[in-house]
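Here we start with a single chain on its own, the form predicted on its own, put down as structure tokens.
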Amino acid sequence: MFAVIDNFVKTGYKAGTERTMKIMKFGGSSVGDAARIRGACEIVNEARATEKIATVFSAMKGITNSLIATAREAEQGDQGYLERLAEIDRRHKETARLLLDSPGEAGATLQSLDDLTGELRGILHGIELVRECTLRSMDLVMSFGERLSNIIIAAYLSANGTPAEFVDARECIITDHHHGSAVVNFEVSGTKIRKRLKAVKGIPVITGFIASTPEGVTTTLGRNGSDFTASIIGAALGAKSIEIWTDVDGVLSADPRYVSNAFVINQVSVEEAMELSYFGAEVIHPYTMIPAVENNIPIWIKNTMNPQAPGTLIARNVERHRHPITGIASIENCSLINVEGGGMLGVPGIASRVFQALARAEINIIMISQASSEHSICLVCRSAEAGPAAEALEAELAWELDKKKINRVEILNDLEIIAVIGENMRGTPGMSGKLFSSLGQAQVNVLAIAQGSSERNISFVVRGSDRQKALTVVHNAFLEQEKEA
């Protein structure tokens, strides 16, 4: 896929051409109401004064969830979906009225919103009649969030002296038919993106998250899809940078809910960002970065509510810092499943059968640990999946359990995975010793440990009740002194 993405960019501009375009993506929290939209547009206008830009906007905060709930209610024949739809309509029209002063500007935009809401009402009525909401139908329903918000934002920018044009990403981002999380055809999309945006007079206001099949059927890009849209657009245009505007000052050294002295990390390597994101630092999803990363486009994480904050730079080549680690990430509400028994020693295929059984049950395993004795295999998954995972394993290993070759499939709930991450850990002696010594001194019991050969991640499992203590102890051991310096 990476080769396709690389070609996707090379066909867009000649080698050696100066990169001038900046992509600015604003998330749902940045456009949650009229005041937030004004703030986001002020940032856009400031950037426009000195740079060539394209913008990508998400749906207003909470709207996508409301649309999903509306579709589910319609599917069940619950007439409450009409009230929920009316609230979605009211919220957008109220926002438009607050932003657009002149009757002419407001009237045209309100009519566009009314047309979209009417279309959505018809789709929901169809779902109600057949009592079924397929993934294809859900993609179409969810697409209205971005379409509604971007119509308002484009109208507001234009009404306030910034020429802007609404761009429906379904016109230019083409995917397969995998509804819910479609796969992008980068080559076709690249050509269409460049052609569509070349025709825009003013600033493109592009819908995030949504795309379409070659036949024009609406699809969506999955989790953090608007970030992915920005990355796709940036790669197609050979952008000089991509800015992800959200509601935090950047990537933090730890979860501030549990670590009071957590701070913003100025620069993060791509590999570090992917590790941090995977382990719960949900500023940006790893997959959404790929088009930008593969084409050496730096990504900035910025705060719409605090635009003067420098933010965090994510790039291939960043300055090495003095911190022993870069940050600490964590995943809560986890369960540990332990498959244990003397009959596993030296028996080929046991691990294969374990993972095949979990794959068939569609269980996502977050962490794996196995001792060299082969006496046990330790797996960690989300707590909601622990029961089905254990059932799948007990069914697969029924003969071994019956013959006592495997003693049991044990579940431990209410656990937390903590990951210590950083490029500076690679090849540095004593990191593990310092980490587990600090946890031991704080009386934190570690249930499982895993470390990849990259040496930039040490992950361990503790009880949920030890979460705050463990995070604080590790942060103080590796980052507190450096912060003060």
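All residue numbers refer to positions in the sequence shown, first residue = 1. Everything quoted here is computed from the prediction, not taken from an experiment.
Unshown form predicted together with a small molecule; subsequent notes refer to it.
Shown alone here, Thr64 lies within 4.5 Å of the small molecule in the model of the complex, counting heavy atoms only. Using a 4.5 angstroms limit between non-hydrogen atoms, Ser58 touches the small molecule in the model of the complex. Put simply, Arg360 is far from the small molecule in the model of the complex: not one heavy atom of it is within 4.5 Å. Interface residue remark: Arg136 is not counted as part of the site for the small molecule in the model of the complex, having no heavy atom within 4.5 Å. In summary, among the residues Arg353, Arg90, His178, Arg223, the only one with a non-hydrogen atom within 4.5 Å of the small molecule in the model of the complex is Arg223. Checking Phe144, Tyr156, Phe186, Phe209 against the small molecule in the model of the complex, a heavy atom within 4.5 Å turns up for just one residue: Phe209. This chain is displayed without the small molecule, yet in the model of the complex the stretch 225-233 from 167-175, 225-233, 116-124, 337-345 comes within 4.5 Å of it by heavy atoms.
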